[in-house]
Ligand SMILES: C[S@@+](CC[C@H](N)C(=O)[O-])C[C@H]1O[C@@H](n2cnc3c(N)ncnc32)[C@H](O)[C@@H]1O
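First, one chain by itself: the form predicted alone, in structure tokens.
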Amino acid sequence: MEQWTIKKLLEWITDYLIKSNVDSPRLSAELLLCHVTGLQRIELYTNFATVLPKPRLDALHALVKRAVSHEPVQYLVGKTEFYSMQFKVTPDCLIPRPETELLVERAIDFLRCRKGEQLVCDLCTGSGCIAAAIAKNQPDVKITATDLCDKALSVAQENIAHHNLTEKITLLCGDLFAPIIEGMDATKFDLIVSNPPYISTAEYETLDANVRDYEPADALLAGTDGLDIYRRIASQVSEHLKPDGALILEIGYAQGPAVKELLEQIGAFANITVEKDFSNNDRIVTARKTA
């Protein structure tokens, strides 16, 4: 009977995922093996000769079958890494992307230049990855994070508790700024961040199957031009931002000019910049409120 060692499985799964056009095939193979064996990624390579028993092989086979159907590996294993932190993810929330780490970096850069406790608002928090990454890396912050989806907020709550950030982050269920109650919650913030839905109706139909068929549509779609949520944020942001505060948004790959124009129209910002990511796509808009 053929024996399937970790080394042999890693090579076979990687090759199979390549042939099936699965994203990041080697990493995906490692994650699936880690999930089934309980090992860390580095431990796979120190246990190459280990033979998997049949029950684990059967479980691995079922997961690989789902992966080649383009079900996201992060959902299959129930977790992902973002900003060097591990986060639980489920189909109720988007899978954090590496591009969003640039938003976190700019938020931390802004906060580190200010003195005293800083109040931050994270709109459309999803899994809570942005709020948690900021809170973990910036000591003197209090963050209010909102989201419409109570199931996503349940995931965020688990992630926040896992990283021991419950005292620093408050989760509120509701639409953008709506759940923030004057007298109970902070209503004006030093920094407002958001990675909102920004996919247009037409663009949604062209998304890869692993995104379109599995990730929550409500966390992706934003009207015919993808700008619906930006318009709504722009219409409310001034009343929730302190003088000399900042708004930092993640945007779609070519939305820089349109989002910048939206923010210019409200006349509340002294400086608005658009930053590209490492792929030279529009990614981050930063707007500093007039002091």
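Residue positions are given as counts along the sequence shown, with the first one as 1. These figures come from a predicted structure and were not determined experimentally.
Absent from the display: the form predicted in complex with the ligand. The rest refers to it.
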Can we say C129, C149 and G174 each have a non-hydrogen atom within 4.5 Å of the ligand in the model of the complex? yes
The ligand contact in the model of the complex: C124, any heavy atom under 4.5 Å: yes
Partner proximity in the model of the complex: T100 to the ligand, non-hydrogen atom cutoff 4.5 Å: yes
State yes or no: in the model of the complex, is some non-hydrogen atom of P197 no more than 4.5 angstroms from a non-hydrogen atom of the ligand? yes
Any non-hydrogen atom of I229 within 4.5 angstroms of the ligand in the model of the complex: yes
Of the listed stretches (174 to 182, 159 to 167, 206 to 214, 71 to 79), which one has a non-hydrogen atom within 4.5 Å of the ligand in the model of the complex? 174 to 182
Even though the chain is shown alone, can you say which residues of 92 to 122 have a heavy atom within 4.5 Å of the ligand in the model of the complex? L94, P96, T100
